[in-house]
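One chain comes next, on its own, written out as structure tokens in the form predicted on its own.
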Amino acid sequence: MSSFWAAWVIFLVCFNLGVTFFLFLWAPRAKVPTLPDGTTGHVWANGTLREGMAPLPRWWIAISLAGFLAGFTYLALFPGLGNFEGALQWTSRGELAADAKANQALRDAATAGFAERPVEQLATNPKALAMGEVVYRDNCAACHGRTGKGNPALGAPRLDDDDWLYGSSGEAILASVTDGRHGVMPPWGEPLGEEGVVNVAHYVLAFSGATHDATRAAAGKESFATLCAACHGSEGKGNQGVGAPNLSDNTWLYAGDLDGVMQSIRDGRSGSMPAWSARLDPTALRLVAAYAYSLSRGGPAAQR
């Protein structure tokens, strides 16, 4: 806070306290003119109601005085007068830092040894899973869903199955959480043309045994081999090294019907998962990876 604003705050505080304290001291001694009957002359309802005068109750004076003393004491002990820190030198930042430090000490004690354990081992530890669930719901549930069901509209995959674009081992999941993932499928609408998009879409559906037109699928085979097989493989099994999905298992990140597959081929797809290493410490990363691993294996996390 600048010197000007500090002085302004001090002025406002002292002015308001001074005026109210003056009124507190003056009011009991103020002499208000009254009529012989003890009223002020103010009447209502044609004289039926008259304003009377009576001294302030002692209890009111005592409570008000206690309030002023509490206010003066507070301003002497705590920040309230501009940049003045108060006799106790208390600050909300200091209290937050102390509480955070104490909480971190408790957390470190509760997670002792977790940072060295494999993700697969942590996924069998109820205590680790409970902590991982909290981290997951605070950071991951917004996209992947509270129970890991995913969100096709966002391109956020399901986590409660064993079909993972980049691999479902503990280390692969930990790498996804730590470093993030950025998947891009280029749009093939222009080089293929609309007929080519339809033909390749039927060929892709044939991999999983979905309903398709065999004639169109045969027509799309060569285009698939030329443009798609480099990532998805000649048999459509995918490539976890580049995050290319398996096209033969009937599990789809986006819509798996003819229109959805055509849209993916024509317009391409793009998905990004942020790297959580900038937000979470190594232990928290390992805990949330263990929780996701348990979801994918139908373990305790998936049964919550």
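All residue numbers refer to positions in the sequence shown, first residue = 1. Not measured: the values here are computed from a predicted model.
Same protein, other form: the form predicted in complex with a small molecule, not shown, and the subject of what follows.
- Scanning 206, 129, 119, 200 against the small molecule in the model of the complex with a 4.5 Å heavy atom cut-off leaves one residue, 200.
- Only one of 266 to 274, 28 to 36, 42 to 50, 59 to 67 places residue heavy atoms within 4.5 angstroms of the small molecule in the model of the complex, namely 266 to 274.
- The closest heavy atom approach of residue 163 to the small molecule in the model of the complex falls within 4.5 Å.
- By the criterion of a heavy atom within 4.5 Å, residue 228 is counted among the residues contacting the small molecule in the model of the complex.
- In the model of the complex, at least one heavy atom of residue 159 sits within 4.5 Å of the small molecule.
- Proximity of residue 78 to the small molecule in the model of the complex falls outside the 4.5 Å heavy atom cutoff.
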